[in-house]
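Encoded as structure tokens, the following chain is the form predicted alone, with no partner shown.
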Amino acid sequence: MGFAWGPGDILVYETLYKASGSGCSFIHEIRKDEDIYSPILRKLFNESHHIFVGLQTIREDLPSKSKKPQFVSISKNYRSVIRACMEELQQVAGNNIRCVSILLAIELIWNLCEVLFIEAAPAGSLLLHLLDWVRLHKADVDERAREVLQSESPAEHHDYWDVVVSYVLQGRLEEARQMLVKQATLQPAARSMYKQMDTLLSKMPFYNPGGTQTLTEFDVKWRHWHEEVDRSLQDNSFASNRHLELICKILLGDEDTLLEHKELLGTWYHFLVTRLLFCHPTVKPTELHYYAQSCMTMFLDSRSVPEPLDSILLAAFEFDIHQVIKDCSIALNNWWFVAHLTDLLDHCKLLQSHNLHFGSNLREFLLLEYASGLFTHHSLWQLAVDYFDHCPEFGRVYLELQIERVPLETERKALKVLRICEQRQMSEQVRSICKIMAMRALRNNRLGSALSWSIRAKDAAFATLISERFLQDYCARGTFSDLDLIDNLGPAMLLSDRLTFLGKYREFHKLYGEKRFREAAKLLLSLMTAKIAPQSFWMTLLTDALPLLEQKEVSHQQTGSVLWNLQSASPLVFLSLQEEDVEVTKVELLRLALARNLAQAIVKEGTVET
């Protein structure tokens, strides 16, 4: 096999191929970041770019307490963009299952990192955030609940008790109570039993971070409630109803009972949060790793190997940020997630102690990789520029290398690239782009565009070449093309002598057309004496002097100068003229006109008016 690197792809081809019949070898294109070609995921990249740029504007000198709500809000904005793209992918038919599952995992990890690292919830509040996290990512309960409630007899539906138990497992006790009311109406004899369960569910305390109750007071209250539930189980209050007895065991946090309902829990981290809810509601962040490890061990089959997602979540519960980023970089198929999460965590001052051996910190390394991938896309490359701008160490170097690889298919795109380079004082890239576009315009015989690009490039040699082409065209056709450009050269004409001559020669024509012969003659004479015209154009200049010599305003000094220019012209020019009778005739006529004008001028200027 052979391969060739492209800007973002690899071309793989067979080098040893034995043809059999009419077959042929194949060339395969391997893309590094396939996701950037998905129209829906491009929305993710575009929307998150705006959030990223906004994050960079948060002032560094603000105290951490005032910045934390902003960071949490930005994190939620990122998650809302992920969820919006995920929902759109679910609605579109096709092979989007893989992308949806990846986005689900990304949102799950991001949400947990938000709770543990950015929000940094303390004991008490921590469990509330984890409950919201599980509820958000275990939404199938609500779908099943809708099916049950929309049926003719919800209490007799085959999924009724699964929904009730699922509500309890998620700590959604109010919804569980509302469902139990439907069952109690069908069983009048057991109404007192259902009322007792309803009382236990309603009494379960939940910590209120904004309230006056301290965490210690809440813990005492919760333990009293837990003892009451235990007494109800011990005195066989629900022995005659296995469903209510099951709920009672769940409220006590019985591990065996919880593990018997793996299909309702679904995942080990749901099991973890449920176990914490009914056994350790005041869990501290530092204790999470112990419970997480034990729950994963109990929930997963001892013979099975944990999935990458399991390892990532476990690393998060262990507060090992760098392991989370490392595992995500390996498991996920692009750099979007790790680049944006790392950037946010870095702004939260959570990655300060971790630098890479080759100079750049972790944040910058991941942003550079992500932005480099964007540069391979025909439109997303513009987003990458902002990412490079916010990488202080190597961002400019990467941008200079990548911007040169952007294909300049149209002049509009070239102007976009040029504007980016000019805003960042990237003079080498500006010259390179302008030269490319000038050469392309010249090949297409668009002299005006070519001259404009060469002026922007400040390329004197190329401007000289194009100016000579303009003069050659003038000699051949007798008129100038692109008059608007030549008339408005302004200070740009000083870029090269030939361009100066072109601009001034056009100015001479304008003066002549306005019948300002004295000024026209003066300008033409200055062009002759300056010696900035190409040799092939000298005869044209002298020929332009013929009609002016007939004007009485031309002084004998000016006439003498024209005569001197005629006599001192290069011998090579006059050698070539000898072969053409027309040109020789022009020279003779010019000498005659000069002599006549000189005589008239001397007489006129020597006469004293009386």
Partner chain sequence: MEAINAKYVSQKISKTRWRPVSHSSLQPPEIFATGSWDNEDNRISIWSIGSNGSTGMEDGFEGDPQLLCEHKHDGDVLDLQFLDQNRIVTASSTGAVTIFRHHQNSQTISISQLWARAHHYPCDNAPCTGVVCSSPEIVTVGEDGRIIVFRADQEGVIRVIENADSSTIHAVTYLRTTEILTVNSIGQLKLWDFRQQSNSPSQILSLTGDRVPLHCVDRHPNQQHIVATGGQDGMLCVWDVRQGSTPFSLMEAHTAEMWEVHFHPTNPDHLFTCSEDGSLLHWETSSHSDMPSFLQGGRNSSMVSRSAMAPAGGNQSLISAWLSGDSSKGRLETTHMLPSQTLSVNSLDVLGPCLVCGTDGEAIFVNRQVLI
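By rigid core we mean the largest C-alpha set that fits within 1.5 Å across both forms. Residue numbers count along the first chain shown, from 1. It should be emphasised that the depicted structure is a prediction, and the values quoted were computed from it without experimental measurement.
Another form exists, predicted together with the partner chain; not displayed. Remarks below refer to it.
Stretch-level contact check against the partner chain in the model of the complex with heavy atoms at 4.5 Å: of 442 to 450, 233 to 241, 71 to 79, 188 to 196, the positive one is 442 to 450. L489 belongs to the set of residues with a heavy atom inside 4.5 Å of the partner chain in the model of the complex. At a distance threshold of 4.5 angstroms between non-hydrogen atoms, L201 is out of contact with the partner chain in the model of the complex. When the partner chain is considered in the model of the complex, N46 lines it closely, a heavy atom lying within 4.5 Å. In the model of the complex, the partner chain sits within 4.5 Å of a heavy atom of L415. Between the partner chain and the residues T212, T410, Q150, Q91, the one pair within 4.5 Å by heavy atoms in the model of the complex involves T410. Distance criterion of 4.5 Å from any heavy atom to the partner chain in the model of the complex singles out L380 from the list L108, L380, L351, L173. If you take 41 to 60 and check each residue for a heavy atom within 4.5 Å of the partner chain in the model of the complex, you get R42, K43, N46, E47, H49, H50, V53, G54, T57, in sequence order. Superposition of the core reveals a Cα shift of 2 Å or more for K510 between the shown form and the other one. The rigid-core alignment places the CA of A492 2 Å or more apart between the shown form and the other one. Positional change of L483 between the shown form and the other one reaches 2 Å or more at the C-alpha, relative to the superposed core.
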